[in-house]
Structures are given as C-alpha cells and as structure tokens.
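Next come structure tokens for two forms of one protein chain, structure 1 first, structure 2 second.
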Structure 1
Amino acid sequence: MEEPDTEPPLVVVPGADPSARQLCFAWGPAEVLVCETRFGRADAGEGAPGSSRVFVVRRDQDIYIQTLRKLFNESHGIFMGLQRSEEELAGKSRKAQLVQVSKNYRSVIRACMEDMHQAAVSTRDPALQGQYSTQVSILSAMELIWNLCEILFVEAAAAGLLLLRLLDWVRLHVCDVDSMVREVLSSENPSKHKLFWNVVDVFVLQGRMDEARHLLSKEVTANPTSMNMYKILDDLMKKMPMPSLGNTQTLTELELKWQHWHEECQRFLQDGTFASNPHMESICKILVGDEDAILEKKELMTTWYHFLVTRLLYSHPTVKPMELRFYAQSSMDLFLGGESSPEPLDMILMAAFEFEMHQVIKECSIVLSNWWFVAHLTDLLDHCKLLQSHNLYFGSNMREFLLLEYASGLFSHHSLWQLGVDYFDHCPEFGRVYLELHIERIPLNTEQKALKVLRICEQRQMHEQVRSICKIMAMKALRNNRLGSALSWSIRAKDAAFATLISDRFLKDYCERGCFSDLDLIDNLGPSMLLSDRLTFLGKYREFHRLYGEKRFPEAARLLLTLMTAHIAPCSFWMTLLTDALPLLEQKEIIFSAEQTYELMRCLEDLTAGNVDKQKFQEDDVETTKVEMLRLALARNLARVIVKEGTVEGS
C-alpha cells in the first residue's frame, strides 16, 4: 500500500472560486479548512473588497449520515467482543468463532442496507433518494466482498465445501429471482408465462435443482407430450452428485460419481433425446458444462462471478482454493468478451479469488467512501493470523494504520468520538498518542461532556490531558462568573495558581457583598484547601464565620488570630479580619486574653505603619474611623482583661 495506482480525484468546493481569489487552507485531523484571502489572483488584478468565506471540507462524510449510525454503533460492539475473545481457543473452535464474528459483521451491513432502502422508498426528496440509493449500492458491494473474503480467508473452505459456499454466495447476492418466481407461480398457467423458462434457467444456473424440477413438473402437466424428455431430465437433475456438509465420501469418490453422471448427460445430449425441445436441450447443455450454452444466459446471470460459480458447478465441482484464480480470470474474460472493461468491484473480487488479501484491502481503501470496511475486515484477518508478516514502511502494521484512520474520522463527529476511544485503545503502537492528540480537540460544550472526556482521560492515566481539560473548564466558568464551578475545576486540575486567583475572587466578592457564594463547596473543601495558601485561607476564613455563627466565640477568636499571625491571610485582607474581631472584642464575656489582644494590636500597627497604607488611612475618613474604633475596642478589652486577671491573681 505504498502508493495509489491512480491520481486522487479533484475535489470541487461549492462556492469557492479560486480564479477570483487566492485560497488558503489548514489541515485538521479529519477535515480541511479552506478560506478565501483578500488577495486576488496575479492574472485577475486586485482582489475585490468584502468578507471572506470559510469552507469545511470533510474527508469522511459518511459518518454524518444518520442511517449509517447503526453500522458504526453495532459494529463497535462486535469489534470489542472480538478483542476480548479468549485467545486460547485454537483449531476448529477458534475458526468457528471467527466465522461467527464475520457473519455478525455481515448481518449489521445487511440490516443497515435494509434501513437505507426503506429510507429511499419513503422519502419524497429526489436528492435524498439518490443519496440513499447510492448508499444501498455501496453497502451491497461491501457485503458481497465481505462474504467472499469470509469464505476464502476466514473460513478457508476446502475443496468440495468451497463450491457449496460459493453457491450460497451467488444465491444471496446475485440475480434475485424471488419476484420473478412469484410472478410466474401466481399466473393462471405458469408454464405458458413468458418468464417461465427464464426462472427454470436461473434455478439451474444457481444449482437450485429441487426448485427447477418443481417448475418443470408444471410444464409436463401442461404438455403431456414432453413427459418422456421430462422424466429423463428430471432424473439427471435428481442424480447430480453434489458435495454436502454431512457426507463422509471422499473427494475422489465424489469426482468418480460426478464423472459417470457427466458422461450420462453427454450421452443423452449426443443421442438427440432433447432435440425436439430447445429449452430442455439448453438445460442439458448447461448440465454438461457447455460454456457457450451457459454464456447464452448472460443476461440472467448479469455478472461474471455468477458465470464463474455456474461454470465450476458443472465442470469442476471439486475445485481447490488455489485453482480459483485461473477459472476467475478466464471467466471474467469470457463473460466481458472485450465489450466492456472491468469495474473497480470486479478488480476487488478478482484480487480475492487470487488470494491477494493486501490488494483487496488496497483497492477497497481507494474505492469505498469510508474507512469502516477496510478497518474491520483487516482487524478480522489479523485475528485470523493472515496479515502477520505485512508491516508498513513507516512503523505501524496495516491493521493499526487502518484502525487509526477510522477512529480519527469518528473523532470529528459530535457523538461518535466515544467509539473512536475504544479503537485507539486497541492500537498498541500509536493508539495512545493519537488519542491524546484527538481528545484535546474535542469541543467541551457542556460540563456533562467535559466530565465524560475527563473520565476517559483519568481511566487511562492521561494526566496532562486531565489538567488541560480542567483548566479549560475552570476558565470558562470564571468568564461566566460561576466561581464555585471554576474553583471545583481548578482543584481537580491541581492548579495552585488558578485556585489562588479564584480564591481572591471569592474574597473580593465577600468584601463587596458581605457574604459568600457556593457555601457547600467551601464548607467541604477538606484536604483540597491545602492546594494553595489563598485557598487554605478561604476555607479557614469560612470556618471562622461558621464558628461565629454557632456562637463558639473562643474558637472563632483563636482561628482569627492564627490566620493573621501565621501570615496565611493576605495583607490586603487584614483590615477585614480586624474588623471581624470588633464584635468579639465588644462581647460581655471576655474572649481575647491579654496576650491575644497584644497580638491584635501589633497586627493593627503593622498594618497602619506601612508608607502606602499610612497615607491611605490618613486620606480615607472611613478607614481612619475603623482604625480608631479598633484601637478603642482593643484598649477597652485589654483593660477588662488586666482587671479580670488581676482580680483572679489577688483572690
């Protein structure tokens, strides 16, 4: 997968005119931003004035189709189950498990295809109808390719069983005749219906002998003269040897029986047994594997791979897997006959028949419109131990590269990014690096989404991303003046500087309003208050108010004094603390001891002694009044304490 075989297609951005203005662009993880500049083209003169437009070009548009959500969501569960499956299962048990996983993937594709078809039928919008029809075709091709890969690579069907699986594949995916059968059987005279022999031929081409014989019996009822030919043909169809799942016969025995049956069919054909009935003669020619006779039914088979399976059924029913490539190439050449060139789907199927797994993945990566298919198919093949030897030249193996691409696309969606996390988890080499880069780009529109992203990061010990998310949410909350939320996020981020900033905002609000907001948060800071000195002060200052409210004045007084003497409180807040001490100084009961009162006096003098503060207190009458009231209260309290202590000592 070094380089694509073809040049990438030109993407036209509707509305952008590169001939009038120069365009600039910026690559993102899953999209490209294209914007118009104010500069005109060199050959077009100066750019026209006006506003510039920005275009978002997404590389994986399918993830935005609502009806494909089922495909992404349900396949995620299958993927995770496969990663968790018991690796110790070996041999047949492991193969059966992997085949079941493959069938589960196919059932999701088919369910999604049916939903898309229903949406196409029910919509009245022609544009939407076209979009849905295109998606139905893509999903149908995906299931076709996946089923063939399941037969050839996952199940690795051996000779004999291989043909049975290919017949089931053709019946499921190619030339659906159910509607034709219903139309024929519902008519008054089925054998006279214009499509009667077409239906019989299709049944024979697909090896559905019982159904073909049932229809032929209706021909005999209507035309008794053909009874003898019918009995011979019916007997030949009934006796046709076929490999079966429960049959214990060897391939050699099957080949011998088939050879005898084939010679018998040729004998009746050479004897001219069916010469009078061209339809029955044509069927007998198909039974002997006449390629010209089979090719005459080209319109009924519609595809070269249907022709391939029919050709194998009647010429080489015990074909071995490694022989398929020769039959496949010649069948495609015969069927197309030079009239048309192979489509991309034909080349993918041919690569599968040639057992070129890497070519299948490469072609699908180029042709299909998203990474879902190649990512999940490659993961399954990797679990089958089929891709172990193929490493890419830039470090990662093919499985991881495709899973990383798919998961990166999911991260551009507003909700599917959660699925992408699990895909990155199962990419051992580069998954964590990709996850770290992508998770930082998730827009954190709500706190609920932020908490979800945070939980993902915490579970994976992505500490740097945890801090980044918390800082972003804290800043958003601060801008919206939601201080409680901002403080909570900053504590979670363990950001001491930001916690200090928010604590200052709390204290400023308190000074302006006289009360605290978000009391529940501040009351329950616990050990988190030790994150920064300012946060510690905020928590302890709130505790002082709580003690004061509970009339536990001695404890409140000791805490208030500690906040000042231990220099936990910012100097700018000392006047507020000293003012809070006033009611305690005026209490009838003495709260502050003489030593504590001296400490308060020293704090007051330290506060007013500074040159800046001294000038402020001299110019501000309110502040001067506060200082005088504090000095008076402290002097009175000291006098009361001295009298009380002297009385106690004297007694």
Structure 2
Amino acid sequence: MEEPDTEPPLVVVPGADPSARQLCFAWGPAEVLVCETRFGRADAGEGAPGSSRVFVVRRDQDIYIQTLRKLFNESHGIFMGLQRSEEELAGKSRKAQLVQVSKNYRSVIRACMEDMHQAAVSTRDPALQGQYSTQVSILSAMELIWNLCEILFVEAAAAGLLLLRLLDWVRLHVCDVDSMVREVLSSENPSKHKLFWNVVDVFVLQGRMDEARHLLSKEVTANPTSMNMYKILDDLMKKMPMPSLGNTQTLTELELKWQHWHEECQRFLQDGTFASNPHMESICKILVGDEDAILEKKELMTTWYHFLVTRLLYSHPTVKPMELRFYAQSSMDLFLGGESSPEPLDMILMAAFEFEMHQVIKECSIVLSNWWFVAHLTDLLDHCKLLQSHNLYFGSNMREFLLLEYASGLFSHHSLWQLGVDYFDHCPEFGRVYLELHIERIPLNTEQKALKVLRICEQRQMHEQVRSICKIMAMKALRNNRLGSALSWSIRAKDAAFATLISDRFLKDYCERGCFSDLDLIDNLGPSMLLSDRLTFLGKYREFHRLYGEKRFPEAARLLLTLMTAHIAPCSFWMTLLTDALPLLEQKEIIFSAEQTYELMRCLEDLTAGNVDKQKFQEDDVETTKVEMLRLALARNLARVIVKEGTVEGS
C-alpha cells in the first residue's frame, strides 16, 4: 500500500462528543453511521447513560445541494451521449466530437453557476447567501480547471493555436475587469476617467488589440499633442503578428514576422519615442515582453496564470505544449514572489501545465467536495485514450473507480439514484456488483417505484434482485391483507413457494367463510396457474365451483375426482372436497358412475385410514358424522348407479 499523500481531514460530527464518550461507527455504501457508545474515555470507565443518537456522516455532500441536481441530471445526458458515441470516428472528427462533449459539460457548469448566482442574489438569508457564493466560486474553479484540461488534453492544441486558446481561457475567466471596462466605457468622457489607462492595459495584457486601439483613439481626440506617439503605437499594435486559426502560415513564417515586429518595438523603445508619455511607454514595454513592466500590472492580472499567458503572448507566442511547464513554474514563482504560498487551485493548474493528468485528478479529488468533477473529467480523458496505461493498485482502473464513487453517492440520495444506474452500467468490471448491492437497498414505498426498480433489474437480467423485490412487495401486500396483489407479485417473481403460501391463505379463507375472495384474479390465472401445485389446485377448485354454479354437474364431478386422484389437492383439503361431493351424490339424476364412486370411496378410506391423528377423527363428533354421512351417500349412490348401469346395459 502506498502511504497517503496528505493527512486525512478531520471530520467533526456536530452533536457528538468524543471527549465524553467513545464513538463507534459502521461503514455504509456511501455514508458512515456513527453513534455514541455507553463507554467513556479509557480512564473514566463507563460513561453516564445519555441520549442514544445515531449520526449519518455523508462523504459526497454536494449531492444534497438542490441547485446542483440540475448539474447531475444534465451531465448525465451528456455522459450517456459520450458512451454511445462512435469510437470509429477517426482522427479529426473524433477529436472535434470530444471537444464538443467537453464544451457541453462546461456549459452545464456555467448554467448551474448562473442559477446559483441568481439564488445568491435573490435570497435574503445571509447564511444561505454565503453558502451559494461559496458554491459559485467552487463551480467557477471547476470550470477553470476543466477548460484548461480541455485545451491541453482533449483538444491537445499545438503550438500557435495553443496560445490563442490560452488567451481565450484567460479572457473567459479573469472577469473581474469586465465591470471596470463597463464603468469606463459608459462614462461621459472615457479618456478622463481615472481607470482609463487601467482598462487599456487590461486589453493589452489580454491581447485584445482592437479594443485597446479603439480606446486609445479616444484619448488622442481628447489630447492631440500625443498624436505622433499614438500613431506609432497604434501601428505597432495593429501590426502585431498573431497565430492564425487557418493554416495559411507556417510556424517559421510567424516566428520570422514576430521577430521582425519585436525588433521594431524595441527600436522605438530605445529611441525614447514614448519617453514623454509614461502610459504609452509602459504599453510598449509590455509589447516587447518586458517582464518587470508586465509584473507591475500585477493588480490588473490578479492571477499568476494570467501573467503566464501575457508573458507567453509577448515573448514566446509559438510556445509548444511541452515547454509550458517551464514558463508556468517561473511565472508562478515570479508572480507570487515568495509573498504567498500557492493554493490548491494553483497546484492543480500547475499540474495541468506540467501535463501531469493524474496529479490533476488526484488533487481535485482531495480538494473538491464532490465526485462529479473528477468522475466526468476522468471519463472524458479516458475516452480521449489518455489514461490507458495507468492502473490502480486497488479496484479496476481510475476511471471506473471514480465513476463508482460518484454513482454510489447518487445512490445514497433518496431521489438521484436513478441516474446512478447508468453510471454503473458503464463500469465494466465492478459496476454490476455495485448495482446489485445498491439496488436492493432502495426503499420501495409505492408499487410504481417498485416497478421502476424492477424494470432496471429485469433489463439487466438481475434475477436474484427481481425475486427479492417481488418478494418484498408480495410480503407487504400479504401484510396488508391484499392477497390478490400478493399473488400477482409472486407470480411475477415466479416464486413457487410464496405462491403456495398465498394459495393456502386463499383456501383457508374459503374454509372459514365459505366463499372465495378475489374471484376476478383467481378466474383469470391462465397459464400462471402452473407456477405451483397449490396454485393449480386453487384455480381448478375454483373452476369446480364455477361448473357447479353453472349446473354442469358431470364435468364438475369429474374435475373434483381428478383433483383427488391426481393428487393435486393437498391431503388436508380432501375432507372439504369429499363434502363438496355430497350434494352431487344426492342429486336426483346420477352423476358419479360406479367406477367414480369406487374411487371416491377409496379416497375416503385413504383419508380416514391414512390420517395419523386417528384419535381426533374418532373423538370429533362433527367429523365422524361427516364421514358417516359420506359413507351413506356413497353407498346409496353406488346402489342407484349399479341398478341404472345394469338397466342401461341390459336393455
């Protein structure tokens, strides 16, 4: 086992007091149960009896944030789309597809951020507001990291394009300046605004040349003396060579052009062309990539990665992906300048710049309070075929491990469990086992929910779980005296034992009440009658009653006899069946033939002789009378039938 890299964080369970009493715990699938024991600290002996509370400690707490449910649900759709997408798509189109998926994920994060922001603005409760704001900043950090990973890993932008992407990335995420820009632009006289030069600087630092030039032109109209200087600077800014999206120029061409431009800028700087205007001079210094000049604008850039991108823009526009790590490290050192230590987010971004994908995922897992981010990012990177080589020393691979964690979290939620199912489906090694364990633990409060869970199990041929769910439902129905429902559930589970149990209940009810309940069900059993012997008997016995009711006596008699001779009827029920034969024997016309009568007699004798509990028969008056009556009826019938059969044959 590897040693953990960081000390595991301490979780304080509010309400539990480990200093007074020892705590015990039990692991659950995605949560831990903690409770106070009766034992005090080692020295104190047995503690005082107190409240016996059980605490549920959840790991993936973000699952329970209402607004984030949108994120989970929408990303579930994207995730499923990605799993379905065709791997055959070759090269370029596959990459475009993956980048699109990545963008979709990001837009979901952004939409969620907006919702959260709205919620923060509209709520009056300061505690809630704080909570929302924290969430907004977490989401925004997630999006920042995801976007960088998209550029570096998913799209794997090459030199040239890489810089353009990084510029977009910085523009999108360093948005503190946007309000400043708005403020200046909306003022009556922008060039006189105190933040005017700040805004120009921001534009230059972010490489937004056109906007910077537009602003500068306003300054010139207000201040014509600097016209000459302005023209030169404007020309430099206009001419600045940039990598282009189309493949019209090669990297070498660009480098040549850029070198030429760079020298030109330097010449003007050395000439002292801008000496009289410190603002313009500092802009020109930025253009030549003077690190000190750029660092002076630290407040405007706010982050070291902005500094990095600006630095790359003006000194190494054709930076290759593999060179990034050197610039990133030195930029961070320069920017932080030993004043402050890097925060977790900085470390994650740094790991990304170093192309340490696993480090990124690991750090994110530690820092973020949810599995959503790492699970989806890892899955995407895995689809980019970037993680194949890496195997964990436990479980299967990292993708699967993280997906399992995330889906387990979903399953611990009372409502989001349905999403978890699809994630488990796409974990080839352990997904099935996890699903089996989790799905059985879903509380089934209505039949409709049970049907949904059943459908999930049936689609995946999880017979064991299907049986167990049906049994639970059948048991519930039985407890509620809903025999019909209970029988339906056990038929669905093909649970013969349970069907027998319920059939017995039906028969018992019949013996007690003398009529059947739930006729609509028993009359319509159809082929499912064959599930258990007892159920078959129930169905056939009911059929006998129907035939009898319809006065189809010969058929009824035949059926009754078969029930006994074919041993479909349980022995305990034979007495009832024989009693049912009584009225048939007493009918005016003869129904049982001689042969049938003999068989009936044999059944009766079998019953009285075979009964172990003979004593009971003899002592019980009612039973004795019944047997006597039956014998009498059988004898009379036999007499009549012998006469009749003899006459018919004789004539």
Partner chain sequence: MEDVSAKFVSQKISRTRWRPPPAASLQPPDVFATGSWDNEDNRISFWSADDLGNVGLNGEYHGEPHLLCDIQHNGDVMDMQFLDQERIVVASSTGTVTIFRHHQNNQTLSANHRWERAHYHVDQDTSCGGAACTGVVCNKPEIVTVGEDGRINLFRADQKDAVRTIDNADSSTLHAVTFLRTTEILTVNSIGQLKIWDLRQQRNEPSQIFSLAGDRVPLHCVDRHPNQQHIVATGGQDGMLSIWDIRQGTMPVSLLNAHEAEMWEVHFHPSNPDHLFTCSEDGSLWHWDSSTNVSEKPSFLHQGGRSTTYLSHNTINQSVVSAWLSNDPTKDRMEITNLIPNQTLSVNSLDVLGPCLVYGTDAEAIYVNRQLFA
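Residue numbering: structure 1 sequence, from 1. The structure displayed is predicted, hence computed values, not measured ones. In this text, the rigid core denotes the largest set of C-alpha atoms whose superposition between the two forms falls within 1.5 Å.
K.L.:
Between the pair I just shared, point out the form predicted together with its partner chain.
P.N.:
Looking at both, the form predicted together with its partner chain is number 2.
K.L.:
Tell me whether Met332 goes with Asn198 when the chain is split into two rigid parts between structures 1 and 2.
P.N.:
In the two-part motion between structures 1 and 2, Met332 and Asn198 are assigned to the same rigid part.
K.L.:
Note the number of degrees the smaller rigid part rotates with respect to the larger part between structures 1 and 2, based on C-alpha superposition.
P.N.:
That works out to a rotation of 12 degrees.
K.L.:
If the rigid core is lined up, how many Å does the C-alpha atom of Asp504 shift between structures 1 and 2?
P.N.:
Reported C-alpha shift between structures 1 and 2: 2.8 Å at Asp504.
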